[in-house]
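There is one chain below, alone, in structure tokens, taken in the form predicted alone.
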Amino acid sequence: MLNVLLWLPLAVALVAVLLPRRAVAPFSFLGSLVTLALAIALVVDFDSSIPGLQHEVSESWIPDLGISYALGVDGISLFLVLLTALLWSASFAFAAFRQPERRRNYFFMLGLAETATLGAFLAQDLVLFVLFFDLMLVPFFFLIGAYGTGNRVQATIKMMIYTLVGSLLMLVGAIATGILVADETGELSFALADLRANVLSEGTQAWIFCFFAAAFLVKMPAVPLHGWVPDAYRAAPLPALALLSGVLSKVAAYGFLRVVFPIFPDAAIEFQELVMIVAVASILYGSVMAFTQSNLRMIIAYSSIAQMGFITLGLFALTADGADGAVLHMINHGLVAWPVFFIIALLAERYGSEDLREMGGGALRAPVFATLFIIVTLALLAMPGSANFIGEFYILNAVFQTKVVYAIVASTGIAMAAFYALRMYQRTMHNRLPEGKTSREIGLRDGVVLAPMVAVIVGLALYPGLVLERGEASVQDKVGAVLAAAECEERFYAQDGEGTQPGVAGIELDCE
């Protein structure tokens, strides 16, 4: 199933290139629905009582270099795969209804991007993960550079410089990890399970951790490595931008859980406070900048920086609750980000601008559109009762138990989110309708795209346990690796490093 799920989007994209121009969009959209159906089947078939990987695929790929074609899904990646398939289907629908120029190239790039993103979530070999992680850049380079607006070339180059530097550092770190582990074991392997079983020394972990963290923090993005964001968000076409914000940033956060925690646990402990400072800075900076903006894209751009800060904070609380909340918040933010950008596109079509100062009265004669928008807005500001609230509650609860000061400061981001989210809704939906503009109800074709996304947001708010229950065992396993390292270090100093000690989270520790 994983092989079909992974390569189907690319296969559909290749076939679409050969079809008549008129058939490209509907064929691509139907292909994305098949991918979504497979992702849903994967969730239905998932056994939450099994803590490890399921539907594993493991084949030798480049044996001389120890690289394998290894795929698998667990409770962490399961709903991220589903999120990817869902948001790509929505973006295919958005593009199919509006028929972009050079549509063969456009839909091919969307398909390639979906396969690369799914590959990053499914890869169980470190080199394979890095390859998919880097491959994601290629289609977005063309989507923004060729289909964007404004200073799209400058924005694309800036984004590529930032992300390529981080990706190259990660590649160096991945190669170094495999080689250094091979020096100890005598066998070269980049399989994540093999690397986890042979943890490197603390000093070596520290510098490799910095390489991986740089790549992930740029992609998220986090302050102060967010310099590419303003230009890219202004220039990107909205379907691509919705995917960039809703899914690609989650690959970076996922990388901390999948790669960094189990393979570099000592470094995660050593740099915990530094990363948490970065996370809090991202929350404050993103929140403050969001309510100083008048451009709708930039409000959501800076809001995304703040939300990714919450996710990073939850991960580096280094507790199971914090990581559970971070995984749930990844899903929540992706589900909210896509509808928000779609609504921005609809507003821009109505007003001929994305500036709040040129909008107003959007709810007049548009009760359905206003209702869908208010549901998305309340989810964005994490209104109690929404799934976003549950995710942030888990995160802040974990941080209050470990780093109280960080939790108090981060909590101010929630209040600021309420301000800029409600301001965005009020300015666009209410006030006086601008002269020469008319308010109209959402059309059937756009409603068919937006309404299911809003329904998913409401459904997850009613049952967040759908994600939490299936991810709990996998999250505890990854965080348990870091807790185990901390326990070993504590007992080493207490007992001179002698003996095998019982572990945490069900893990046996060899602390010698």
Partner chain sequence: MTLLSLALLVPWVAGAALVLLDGRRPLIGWLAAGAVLANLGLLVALGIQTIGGEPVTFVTGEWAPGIGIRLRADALGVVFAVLSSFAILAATVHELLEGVRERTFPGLVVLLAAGLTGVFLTGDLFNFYVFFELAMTASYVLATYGGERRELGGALVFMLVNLLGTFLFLLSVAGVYHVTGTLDMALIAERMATVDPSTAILIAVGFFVAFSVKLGLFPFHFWLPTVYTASRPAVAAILSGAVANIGVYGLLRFGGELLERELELASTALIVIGSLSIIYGGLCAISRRTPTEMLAYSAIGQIGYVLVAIGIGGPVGFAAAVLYSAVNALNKVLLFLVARMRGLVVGAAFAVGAFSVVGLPPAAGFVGKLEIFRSAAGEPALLALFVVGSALSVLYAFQLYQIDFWREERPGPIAGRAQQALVLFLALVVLATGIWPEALLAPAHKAAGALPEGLP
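Residue numbers count along the first chain shown, from 1. Keep in mind that what you see is a predicted model, and the values were worked out from it rather than measured.
Separately, the form predicted in complex with the partner chain exists; it is not shown, and the next lines address it.
Asker: Counting only heavy atoms and a 4.5 Å cutoff, which of 372-380, 280-288, 334-342, 160-168 contacts the partner chain in the predicted bound form?
Answerer: Result of the contact check: 160-168.
Asker: Can residue 152 be called a contact residue for the partner chain in the predicted bound form at 4.5 Å between heavy atoms?
Answerer: Yes - in the predicted bound form, heavy atoms of residue 152 and the partner chain come within 4.5 Å of each other.
Asker: Heavy atoms within 4.5 Å of the partner chain in the predicted bound form: does residue 434 have any?
Answerer: Residue 434 lies outside the contact set for the partner chain.
Asker: Would residue 65 count as touching the partner chain in the predicted bound form under a 4.5 Å heavy atom rule?
Answerer: Yes.
Asker: Just checking whether residue 138 would be counted as a contact of the partner chain in the predicted bound form - the rule being heavy atoms within 4.5 angstroms.
Answerer: Close contact exists here: in the predicted bound form, residue 138 approaches the partner chain to within 4.5 Å, heavy atoms only.
Asker: Identify which of 188, 214, 414, 199 has a heavy atom within 4.5 Å of the partner chain in the predicted bound form; exactly one of them does.
Answerer: Looking at 188, 214, 414, 199 one by one, just 188 meets the 4.5 Å heavy-atom criterion.
Asker: Which one, 296, 127, 73, 267, lies within 4.5 Å of the partner chain in the predicted bound form by heavy atoms?
Answerer: By the 4.5 Å heavy-atom cutoff, the listed residue in contact is 127.
Asker: For this chain shown on its own, do 37, 40 and 87 all sit within 4.5 Å of the partner chain in the predicted bound form, going by heavy atoms?
Answerer: None of them does, since no heavy atom lies within 4.5 Å of the partner.
Asker: Which of the residues spanning 18-57 lie within 4.5 Å of the partner chain in the predicted bound form, based on heavy atoms?
Answerer: The stretch 18-57, when checked against the partner chain in the predicted bound form, contributes no residue at the 4.5 Å heavy-atom cut-off.
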